[in-house]
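Given as structure tokens, the chain that follows is alone and in the form predicted on its own.
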């Protein structure tokens, strides 16, 4: 199959291994760390099977998980070297890895930066010990602060800090502790995710049995708006529904998804897109390894989106961004999806969305209700 989109690509590499599964996790992960060596070898083999001509340049590489920081620094460096030998990076390429606070050491950071990693996303989630325990994290607040201090001393690295809203026992007061911790750490970028209770994870069962242990919807909405206020005053731009960045520090790899620019993918459960094509690898680790051993691409599914599906996807992803969508696209969406058009006009009338200079974008209050809007794009 030919590659439909010209120009540099992005590449996502899924490294699924974790020491333990967090209580909120819905990702494709494995605690079978004995398979790390075989898996990294399989990634090397899949690299040769990619539907991507050798020599195609890369603009971004993202090593996600799972916990990439559990992979040996030498193995990760070797994998990245193999990727960039086959698909050279453009000048200024962004190379990101995810990491957990408990894994970071000066030695590991030295290996990573020497290998070309220049962006690190660290899963802090909270600076309150009780909240970290509630979601099954292995680090405490002190370890999170120590890891942040390590990252702050590496000038060649742009780094991101993750926080979660809606944790059992979380209150407006405890959020202030986490926000103060984040601002003291002074990362270049902060991602803030609302815990999704409609996803199958361990906390979902606790929520069903003891909803009173969780902050209510109105409280979580207040927490989200407080984050928007505090981080905005500190100089962070709320450029996407869950993401805040200092000027120039936006996550370029993630922007590729939201802008629907091509991202190819390696590893179990990894998803790729290019033009109107979408595909995903097998989510079974055993099935993935078996396919690679047989010299086959480990595809679970592949599809081509229709023009109507492309329109819906563009509206949903565009309205996640502060830049929003142009009025013409919104009108086309209203013609194809009448309920979307009616609801979007309602958002505008209620100041949940704003129209300016021919573009429509959601306000933070609108982002909180965006799932209701996006559900009409079917």
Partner chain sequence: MSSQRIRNFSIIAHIDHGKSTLADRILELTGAVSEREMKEQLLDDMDLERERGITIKAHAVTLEWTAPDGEVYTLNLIDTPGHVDFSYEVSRSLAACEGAVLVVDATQGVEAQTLANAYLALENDLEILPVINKIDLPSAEPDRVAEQIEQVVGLPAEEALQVSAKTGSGVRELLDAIVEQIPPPRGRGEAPLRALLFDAWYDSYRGVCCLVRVVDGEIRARQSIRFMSTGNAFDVEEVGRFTPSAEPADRLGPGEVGYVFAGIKELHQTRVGDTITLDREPATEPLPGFKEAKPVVFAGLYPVDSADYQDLRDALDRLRLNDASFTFEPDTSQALGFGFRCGYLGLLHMEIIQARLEREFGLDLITTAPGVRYRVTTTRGETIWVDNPKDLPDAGAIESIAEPMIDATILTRDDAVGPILKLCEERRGLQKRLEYVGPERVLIEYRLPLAEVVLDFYDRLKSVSRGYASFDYQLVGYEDSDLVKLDILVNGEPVDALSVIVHRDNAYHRGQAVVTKLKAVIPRQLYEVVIQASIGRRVISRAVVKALRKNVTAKCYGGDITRKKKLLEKQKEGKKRMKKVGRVEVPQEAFLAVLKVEDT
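Numbering follows the first chain given and starts at 1. Just so it is clear, the model here is predicted, and its values are computed rather than measured.
Below, we turn to the form predicted in complex with its partner chain, even though it does not appear here.
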{"query": "4.5 Å heavy atom contact, residue 129 and its partner chain in the predicted bound form", "finding": "no"}
{"query": "4.5 Å heavy atom contact, residue 287 to its partner chain in the predicted bound form", "finding": "no"}
{"query": "Close approach of residue 107 to its partner chain in the predicted bound form, 4.5 Å, heavy atom", "finding": "no"}
{"query": "Contact flag, residue 196 vs its partner chain in the predicted bound form, heavy atom cut 4.5 Å", "finding": "yes"}
{"query": "Whether 220, 305 and 369 all lie within 4.5 angstroms of its partner chain in the predicted bound form by heavy atom", "finding": "yes"}
{"query": "Candidate from 202, 138, 278, 143 lying within 4.5 Å of its partner chain in the predicted bound form - any heavy atom", "finding": "278"}
{"query": "Answer option from 243, 158, 170, 97, heavy atom within 4.5 Å of its partner chain in the predicted bound form", "finding": "243"}
{"query": "Which of 87 to 95, 287 to 295, 252 to 260, 178 to 186 lines the interface with its partner chain in the predicted bound form (heavy atom within 4.5 Å)", "finding": "252 to 260"}
{"query": "Residues from 300 to 333 in contact with its partner chain (non-hydrogen atom within 4.5 Å) in the predicted bound form", "finding": "301, 305, 313, 316, 317, 320"}
